[in-house]
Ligand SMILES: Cc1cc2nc3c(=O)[nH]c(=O)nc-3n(C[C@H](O)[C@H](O)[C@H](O)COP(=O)(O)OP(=O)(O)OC[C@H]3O[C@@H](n4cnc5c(N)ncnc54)[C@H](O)[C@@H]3O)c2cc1C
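For reference, the chain that follows is the form predicted alone, supplied as C-alpha cells.
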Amino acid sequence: MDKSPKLRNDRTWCFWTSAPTSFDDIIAHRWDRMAYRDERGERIDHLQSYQYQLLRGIDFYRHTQAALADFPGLDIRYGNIQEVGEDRNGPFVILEGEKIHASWVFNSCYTPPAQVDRQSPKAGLLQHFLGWTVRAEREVFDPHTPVLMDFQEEQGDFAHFYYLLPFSRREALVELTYFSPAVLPKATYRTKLEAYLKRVYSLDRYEQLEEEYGVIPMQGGPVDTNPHPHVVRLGTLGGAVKPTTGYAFLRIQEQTRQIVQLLEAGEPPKLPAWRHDRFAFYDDLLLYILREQGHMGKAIFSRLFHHNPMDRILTFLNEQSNLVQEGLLFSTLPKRPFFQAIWALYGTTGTKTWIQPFPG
C-alpha cells in the first residue's frame, strides 16, 4: 500500500433518484445497477426506475456559488459561529465575535458526537464510517456495479458492512460503516479497510488518494430542542436524515423547497414537525433492533436484499412505497425481532416506551 499523504475530500453525496434534480449537470458518476454481498453470495440487480448518483462536494459548492453570484445584494460571510439564538431584538448569529440580527435565522450547524448521550431521552445510534478512494495497480473493480452493502464479515455486537463505489476498473471509494452507540478509533477502520481490500480484491499495493470520515445520528426527528421561535433548523440538525439509512441529500433539497414556498407565500418558514407516520414507526422498530440486537442487522438485510428487487427496496427507503409493496417486503423479513421490538416499544399501552437511556 502506498503510504503517501492523503488528500482529504471535502464531502461526497450519494443518492438514488427517479427524477431530474437541480444538479444533473454536475453529477460525477451514475450507476444503473447495484450489488449486495454476504455469505450467501452476491446479488446484482439492475435498477429499473432509479439511478444511483454521486455528487462531489467541491462541484456542489462551485455550482452554488456561481448561482449566488447572480444576486448582487447577497452578503456572504465566512467564519466561526460561536452562538445561534434569539433575544428581544430577534434571532441572531454570533460570527467571529460579531452579533448579527435578522428576521429569521436558518441553522444547520451540527457537530457530530463521539457517542450518543446515554442519559438523553432521544438516545439512539450513530452511523459512523471511514472510507478511502484508492487507485489499484491492477484492474479489480467492476465500474458498472456499486456494492451498497457487503456483510461478509463476522458482525459482533453491532452491525457493520463495507460499501464500495467503483469509478473505473482501478479506482474506487471503499468505506467501512458501523451502526453503534459510539465511534471507533480511526486506526480500527483503517486496519479493517486494509484487510478487506486484501481479502476481497487481493490488493496489497494501491495508492490512497483521499480519505473521508463521517458520523450521522440515527434517530427520529431533530437532533436537539429548539426554544427559539425564529430560528429554523435545517439538514441533520432539523431531522432531515433518514434515521435508518443516513441518506439526507434529497430530503434536504425538499426541505429547502418547502421553506422557499412558504417565504414566497408570505408565511413563516417553519417546517412541520417530524412526521409520525408509518415510516417513522418502521424506522423505530429497526433502530430498536439494531441497538438491542445488533447482530440481527445482518440477518435482516440479508433477507431484505436476497428476496426483494432493488427498486422495491429503494422505493421503500425513499418512503414512496404503498401498503401492498410494504407487505411484500415485510413478508420476506424475519418476524421474531420485529414482534419483540413492537412489544418493547409499545407494550400493552399503545405508546412508545423504548426512548429511554441505554442500559448500564
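All values derive from a computational prediction rather than experimental measurement. Position 1 is the first residue in the sequence shown; the rest follow in order.
There is another form of the same protein, the form predicted in complex with this ligand; it is not shown, and what comes next is about it.
In the model of the complex, no residue of the candidate spot (Gln155, Met296 and Gln340) has a heavy atom lying within 4.5 Å of this ligand. Here is the short version: of Val140, Leu285, Leu271, Ile252, the single residue with a heavy atom within 4.5 Å of this ligand in the model of the complex is Ile252. In terms of contact with this ligand in the model of the complex, the residue from Gly79, Pro229, Pro113, Gly90 that brings a heavy atom within 4.5 Å is Gly79. In the model of the complex, at least one heavy atom of Ile216 sits within 4.5 Å of this ligand. With a 4.5 Å cutoff on heavy atoms, Leu262 does not count as touching this ligand in the model of the complex; it lies far away. This ligand in the model of the complex is approached by Ser108, whose closest heavy atom lies within 4.5 angstroms of it.
Although the partner is absent from this view, Gly235 contacts this ligand in the model of the complex, with a non-hydrogen atom inside 4.5 angstroms. Remark: of stretches 192 to 200, 141 to 149, 205 to 213, 67 to 75, the one touching this ligand in the model of the complex is 205 to 213 (heavy atom within 4.5 Å). Looking at 244 to 260, the residues that come within 4.5 Å of this ligand in the model of the complex, counting any heavy atom, are Gly246, Tyr247, Ala248, Phe249, Ile252.
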